[in-house]
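There is one chain below, alone, in C-alpha coordinates, taken in the form predicted on its own.
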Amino acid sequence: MTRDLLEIDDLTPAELGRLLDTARKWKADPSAVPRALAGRGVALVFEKPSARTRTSAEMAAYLLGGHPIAIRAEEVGIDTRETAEDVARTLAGFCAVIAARVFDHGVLVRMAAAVEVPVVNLLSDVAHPCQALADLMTIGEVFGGVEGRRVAFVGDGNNVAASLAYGAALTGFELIVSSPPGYELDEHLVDRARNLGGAIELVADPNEAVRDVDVVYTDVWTSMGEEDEAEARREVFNAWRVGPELMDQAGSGAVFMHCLPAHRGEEVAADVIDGPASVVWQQVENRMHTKRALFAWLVSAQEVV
(Lines give C-alpha, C1' and ligand atoms only; values in the text may rest on other atoms or scores of the structure.)
Protein backbone atom coordinates (compact mmCIF):
# COMPACT_ATOMS: atom_id res chain seq x y z
CA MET A 1 0.00 0.00 0.00
CA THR A 2 1.32 3.44 -0.96
CA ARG A 3 1.98 5.69 2.03
CA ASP A 4 2.25 9.47 1.98
CA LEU A 5 3.51 11.99 4.52
CA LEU A 6 1.26 15.04 4.35
CA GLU A 7 1.28 15.60 8.12
CA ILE A 8 3.34 13.91 10.79
CA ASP A 9 0.35 12.05 12.23
CA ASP A 10 0.17 10.07 8.98
CA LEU A 11 2.68 7.98 10.95
CA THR A 12 1.80 5.88 13.96
CA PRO A 13 3.85 6.42 17.14
CA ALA A 14 5.66 3.14 16.46
CA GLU A 15 6.44 4.08 12.86
CA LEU A 16 7.68 7.50 13.91
CA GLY A 17 9.89 5.95 16.56
CA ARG A 18 11.41 3.52 14.05
CA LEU A 19 12.02 6.29 11.52
CA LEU A 20 13.86 8.38 14.10
CA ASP A 21 15.88 5.35 15.21
CA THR A 22 16.86 4.72 11.59
CA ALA A 23 17.86 8.35 11.06
CA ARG A 24 20.05 8.24 14.17
CA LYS A 25 21.61 4.90 13.17
CA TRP A 26 22.47 6.07 9.66
CA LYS A 27 23.80 9.39 10.94
CA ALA A 28 26.19 7.50 13.22
CA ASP A 29 27.13 4.95 10.55
CA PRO A 30 26.78 6.24 6.97
CA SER A 31 28.04 2.88 5.66
CA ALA A 32 24.75 1.34 6.82
CA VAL A 33 22.67 3.49 4.45
CA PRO A 34 21.07 1.28 1.75
CA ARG A 35 20.78 2.27 -1.90
CA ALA A 36 17.02 2.17 -1.61
CA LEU A 37 16.55 4.64 -4.48
CA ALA A 38 19.18 3.25 -6.87
CA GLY A 39 18.10 3.91 -10.44
CA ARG A 40 15.06 5.93 -9.35
CA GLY A 41 14.15 9.58 -9.28
CA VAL A 42 12.72 11.88 -6.61
CA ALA A 43 10.72 14.85 -7.89
CA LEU A 44 11.11 17.95 -5.71
CA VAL A 45 8.48 20.55 -6.61
CA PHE A 46 8.98 24.05 -5.19
CA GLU A 47 6.16 26.57 -5.40
CA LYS A 48 7.97 28.24 -2.48
CA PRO A 49 11.80 28.26 -2.58
CA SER A 50 13.96 27.05 0.31
CA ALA A 51 17.70 26.51 0.54
CA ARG A 52 17.54 24.06 3.45
CA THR A 53 14.57 22.05 2.20
CA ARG A 54 15.95 21.63 -1.30
CA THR A 55 19.51 20.85 -0.23
CA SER A 56 18.51 18.37 2.47
CA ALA A 57 16.02 16.60 0.18
CA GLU A 58 18.45 16.43 -2.73
CA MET A 59 21.21 15.00 -0.54
CA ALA A 60 18.81 12.52 1.09
CA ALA A 61 17.82 11.18 -2.33
CA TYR A 62 21.41 11.14 -3.62
CA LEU A 63 22.78 9.29 -0.58
CA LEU A 64 20.12 6.60 -1.13
CA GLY A 65 21.40 6.18 -4.68
CA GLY A 66 18.58 8.16 -6.27
CA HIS A 67 18.42 11.09 -8.68
CA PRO A 68 16.79 14.24 -7.27
CA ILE A 69 14.99 16.47 -9.78
CA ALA A 70 14.20 19.97 -8.46
CA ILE A 71 11.34 21.72 -10.26
CA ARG A 72 10.47 25.41 -9.90
CA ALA A 73 6.93 26.77 -9.76
CA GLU A 74 7.11 28.33 -13.22
CA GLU A 75 8.15 25.01 -14.76
CA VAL A 76 4.89 23.32 -13.83
CA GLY A 77 2.37 26.08 -13.13
CA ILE A 78 0.18 24.07 -10.80
CA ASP A 79 -3.48 24.87 -11.54
CA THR A 80 -2.50 27.49 -14.13
CA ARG A 81 -0.68 25.55 -16.87
CA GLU A 82 -1.75 22.14 -15.53
CA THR A 83 -3.87 20.79 -12.73
CA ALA A 84 -2.19 19.49 -9.59
CA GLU A 85 -3.42 16.02 -10.54
CA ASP A 86 -1.83 16.16 -14.00
CA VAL A 87 1.46 17.40 -12.61
CA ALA A 88 1.48 14.51 -10.13
CA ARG A 89 0.59 11.94 -12.81
CA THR A 90 3.37 13.20 -15.06
CA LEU A 91 5.99 13.06 -12.32
CA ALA A 92 4.82 9.65 -11.12
CA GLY A 93 5.68 8.29 -14.54
CA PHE A 94 9.34 9.13 -13.95
CA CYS A 95 9.91 9.19 -10.20
CA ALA A 96 9.54 6.93 -7.17
CA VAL A 97 8.68 9.81 -4.80
CA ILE A 98 7.04 13.20 -5.29
CA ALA A 99 7.87 15.80 -2.65
CA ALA A 100 6.44 19.30 -2.84
CA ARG A 101 6.63 22.63 -1.03
CA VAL A 102 3.39 24.46 -1.74
CA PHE A 103 1.23 27.40 -0.69
CA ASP A 104 -2.03 25.44 -0.44
CA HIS A 105 -2.15 22.15 1.47
CA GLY A 106 -5.07 21.06 -0.69
CA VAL A 107 -2.69 20.76 -3.65
CA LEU A 108 -0.79 18.02 -1.83
CA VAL A 109 -3.99 16.19 -0.94
CA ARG A 110 -5.05 16.21 -4.58
CA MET A 111 -1.64 15.09 -5.81
CA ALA A 112 -1.60 12.20 -3.37
CA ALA A 113 -5.08 11.10 -4.40
CA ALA A 114 -4.09 11.08 -8.08
CA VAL A 115 -1.02 8.80 -8.00
CA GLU A 116 0.29 5.55 -6.59
CA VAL A 117 3.74 6.82 -5.61
CA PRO A 118 4.42 8.39 -2.20
CA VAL A 119 3.79 12.12 -1.87
CA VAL A 120 5.72 14.06 0.79
CA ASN A 121 4.84 17.47 2.21
CA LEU A 122 7.97 19.63 2.23
CA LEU A 123 5.85 22.51 3.60
CA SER A 124 2.32 23.77 3.14
CA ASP A 125 0.25 26.52 4.69
CA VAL A 126 -0.99 24.19 7.44
CA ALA A 127 1.82 21.67 8.04
CA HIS A 128 5.59 21.16 8.04
CA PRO A 129 6.03 17.48 8.95
CA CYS A 130 9.61 17.08 7.70
CA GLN A 131 10.67 19.95 9.95
CA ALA A 132 8.98 18.22 12.87
CA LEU A 133 10.92 15.02 12.15
CA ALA A 134 14.19 16.94 12.35
CA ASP A 135 13.04 18.71 15.52
CA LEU A 136 12.16 15.45 17.24
CA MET A 137 15.48 13.90 16.26
CA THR A 138 17.35 16.93 17.62
CA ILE A 139 15.49 16.99 20.94
CA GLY A 140 16.16 13.27 21.33
CA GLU A 141 19.87 13.74 20.65
CA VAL A 142 20.24 16.64 23.07
CA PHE A 143 18.33 15.10 25.97
CA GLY A 144 18.73 11.37 25.35
CA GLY A 145 15.03 11.03 24.56
CA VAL A 146 11.90 13.03 23.81
CA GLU A 147 9.25 11.63 26.13
CA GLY A 148 8.53 13.77 29.17
CA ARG A 149 10.36 16.85 27.91
CA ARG A 150 8.76 20.29 27.95
CA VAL A 151 8.95 22.47 24.84
CA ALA A 152 7.74 26.07 24.50
CA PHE A 153 6.95 27.41 21.04
CA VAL A 154 6.92 31.22 21.19
CA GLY A 155 5.45 33.23 18.32
CA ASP A 156 3.08 32.67 15.42
CA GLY A 157 0.81 29.63 15.80
CA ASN A 158 1.74 28.54 12.29
CA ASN A 159 2.38 25.35 10.30
CA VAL A 160 5.61 24.62 12.21
CA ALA A 161 3.78 24.87 15.53
CA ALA A 162 0.98 22.64 14.24
CA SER A 163 3.28 19.82 13.14
CA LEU A 164 5.24 20.14 16.38
CA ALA A 165 1.96 19.71 18.30
CA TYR A 166 1.20 16.46 16.49
CA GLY A 167 4.78 15.34 17.02
CA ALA A 168 4.37 16.01 20.73
CA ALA A 169 1.25 13.86 20.79
CA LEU A 170 2.99 10.96 19.03
CA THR A 171 6.16 11.01 21.15
CA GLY A 172 4.97 12.09 24.59
CA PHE A 173 6.46 15.50 25.26
CA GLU A 174 4.56 18.51 26.57
CA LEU A 175 4.14 21.49 24.23
CA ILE A 176 3.32 25.00 25.42
CA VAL A 177 2.46 27.50 22.68
CA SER A 178 2.47 31.25 23.34
CA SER A 179 1.28 33.66 20.66
CA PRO A 180 -0.10 37.20 20.45
CA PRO A 181 -3.90 37.49 20.43
CA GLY A 182 -5.23 36.64 17.00
CA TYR A 183 -2.18 34.58 16.04
CA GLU A 184 -2.78 31.54 18.24
CA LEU A 185 -2.63 27.96 17.01
CA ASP A 186 -6.05 27.17 15.53
CA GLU A 187 -8.41 25.59 18.04
CA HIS A 188 -9.26 22.65 15.78
CA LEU A 189 -5.53 21.87 15.42
CA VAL A 190 -5.13 21.91 19.19
CA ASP A 191 -8.14 19.61 19.56
CA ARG A 192 -6.72 17.26 16.93
CA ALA A 193 -3.38 17.06 18.76
CA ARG A 194 -5.11 16.50 22.10
CA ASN A 195 -7.26 13.77 20.56
CA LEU A 196 -4.03 12.03 19.61
CA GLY A 197 -3.08 12.10 23.28
CA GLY A 198 -0.99 15.26 23.22
CA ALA A 199 -0.36 17.50 26.22
CA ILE A 200 -0.81 20.84 24.44
CA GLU A 201 -1.23 24.06 26.38
CA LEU A 202 -1.84 27.59 25.10
CA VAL A 203 -0.33 30.27 27.35
CA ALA A 204 -0.73 33.96 26.60
CA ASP A 205 2.32 35.24 28.54
CA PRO A 206 5.59 34.18 26.86
CA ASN A 207 7.49 34.48 30.15
CA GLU A 208 5.10 32.03 31.79
CA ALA A 209 5.19 29.75 28.74
CA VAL A 210 8.96 29.24 28.84
CA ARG A 211 9.25 28.81 32.61
CA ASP A 212 11.30 25.67 33.39
CA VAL A 213 11.03 24.23 29.87
CA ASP A 214 13.75 22.17 28.19
CA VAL A 215 13.41 23.81 24.76
CA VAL A 216 12.50 27.32 23.64
CA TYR A 217 11.49 27.31 19.96
CA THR A 218 10.53 30.17 17.68
CA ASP A 219 10.02 30.95 14.00
CA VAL A 220 9.93 34.08 11.86
CA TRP A 221 7.09 36.45 12.55
CA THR A 222 6.25 36.86 8.86
CA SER A 223 6.22 33.80 6.63
CA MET A 224 6.61 33.74 2.85
CA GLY A 225 3.43 35.06 1.26
CA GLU A 226 2.64 37.33 4.24
CA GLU A 227 5.12 40.10 3.41
CA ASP A 228 2.42 42.78 3.31
CA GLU A 229 1.77 42.10 7.00
CA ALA A 230 5.42 42.40 8.06
CA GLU A 231 5.32 45.87 9.65
CA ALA A 232 2.11 45.20 11.59
CA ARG A 233 3.44 41.85 12.79
CA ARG A 234 6.68 43.40 14.09
CA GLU A 235 4.67 45.63 16.39
CA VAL A 236 2.28 42.88 17.53
CA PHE A 237 4.98 40.26 18.13
CA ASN A 238 7.54 42.46 19.87
CA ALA A 239 6.86 40.99 23.34
CA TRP A 240 7.42 37.49 21.94
CA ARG A 241 11.04 38.11 20.92
CA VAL A 242 13.36 35.42 22.31
CA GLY A 243 16.16 37.31 24.02
CA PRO A 244 18.50 36.42 26.89
CA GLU A 245 15.92 37.53 29.47
CA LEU A 246 13.32 35.14 28.10
CA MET A 247 15.83 32.29 27.89
CA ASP A 248 16.71 32.92 31.54
CA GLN A 249 13.14 31.93 32.46
CA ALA A 250 13.65 28.47 30.93
CA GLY A 251 15.02 25.50 32.80
CA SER A 252 18.68 24.89 33.54
CA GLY A 253 20.29 23.42 30.45
CA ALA A 254 17.47 24.57 28.14
CA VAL A 255 18.28 24.84 24.45
CA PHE A 256 17.08 27.18 21.72
CA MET A 257 15.59 25.95 18.43
CA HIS A 258 14.55 27.71 15.22
CA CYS A 259 13.52 26.24 11.87
CA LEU A 260 15.23 29.08 9.93
CA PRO A 261 15.68 31.43 8.18
CA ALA A 262 16.15 33.65 11.21
CA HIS A 263 15.84 37.42 11.48
CA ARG A 264 18.23 38.45 14.24
CA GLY A 265 16.82 41.38 16.19
CA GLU A 266 13.24 40.42 15.37
CA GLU A 267 11.99 37.05 16.64
CA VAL A 268 15.36 36.17 18.22
CA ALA A 269 18.34 38.04 19.58
CA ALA A 270 21.69 37.36 17.94
CA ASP A 271 23.28 36.36 21.24
CA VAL A 272 20.62 33.65 21.67
CA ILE A 273 20.70 32.04 18.22
CA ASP A 274 24.48 32.37 18.05
CA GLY A 275 25.00 31.51 21.72
CA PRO A 276 25.87 28.26 23.51
CA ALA A 277 22.23 27.22 24.06
CA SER A 278 21.47 27.22 20.33
CA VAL A 279 21.11 23.87 18.53
CA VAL A 280 19.77 25.29 15.28
CA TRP A 281 22.61 23.95 13.13
CA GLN A 282 22.08 20.49 14.56
CA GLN A 283 18.42 20.89 13.54
CA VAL A 284 19.49 21.85 10.01
CA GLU A 285 21.72 18.81 9.60
CA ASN A 286 19.02 16.51 10.93
CA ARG A 287 16.65 17.60 8.17
CA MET A 288 18.75 15.55 5.76
CA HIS A 289 19.08 12.55 8.07
CA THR A 290 15.34 12.33 8.72
CA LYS A 291 14.38 12.84 5.05
CA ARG A 292 16.80 10.07 4.10
CA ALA A 293 15.15 7.65 6.52
CA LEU A 294 11.69 8.79 5.37
CA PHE A 295 12.36 8.36 1.64
CA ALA A 296 13.84 4.90 2.20
CA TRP A 297 10.85 3.85 4.30
CA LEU A 298 8.33 5.11 1.77
CA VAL A 299 9.87 3.35 -1.24
CA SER A 300 10.65 0.09 0.55
CA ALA A 301 7.10 -0.82 1.57
CA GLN A 302 7.93 0.41 5.06
CA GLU A 303 10.53 -2.33 5.51
CA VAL A 304 13.58 -0.11 6.00
CA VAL A 305 13.62 0.56 9.73
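Here the structure is a predicted model, which is why all the values come from computation and not from measurement. For every residue, the number given is its place in the sequence shown, counted from 1.
Not pictured, yet referred to below: the form predicted together with ligand CP.
Chemist: Using a 4.5 Å heavy atom cut-off, which stretch among 260-268, 35-43, 246-254, 63-71 contacts ligand CP in the predicted bound form?
Modeler: It is the stretch 260-268.
Chemist: When ligand CP is placed as it is in the predicted bound form, are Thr22, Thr138 and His289 each within 4.5 Å of it, taking any non-hydrogen atom of the residue?
Modeler: The answer is no: none of the three residues contacts the partner (heavy atom, 4.5 Å cut-off).
Chemist: State yes or no: in the predicted bound form, is some non-hydrogen atom of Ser178 no more than 4.5 angstroms from a non-hydrogen atom of ligand CP?
Modeler: Because no heavy atom of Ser178 falls inside 4.5 Å of ligand CP in the predicted bound form, the answer is no.
Chemist: Would you check, heavy atoms only and a 4.5 Å threshold, whether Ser163 touches ligand CP in the predicted bound form?
Modeler: Contact check for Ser163: no, nothing within 4.5 Å of ligand CP in the predicted bound form.
Chemist: Can you check whether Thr53 is within 4.5 Å of ligand CP in the predicted bound form, heavy atom basis?
Modeler: Yes - in the predicted bound form, heavy atoms of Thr53 and ligand CP come within 4.5 Å of each other.
Chemist: With a 4.5 Å heavy atom cut-off, would you call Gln131 a contact of ligand CP in the predicted bound form?
Modeler: Yes, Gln131 is a contact residue.
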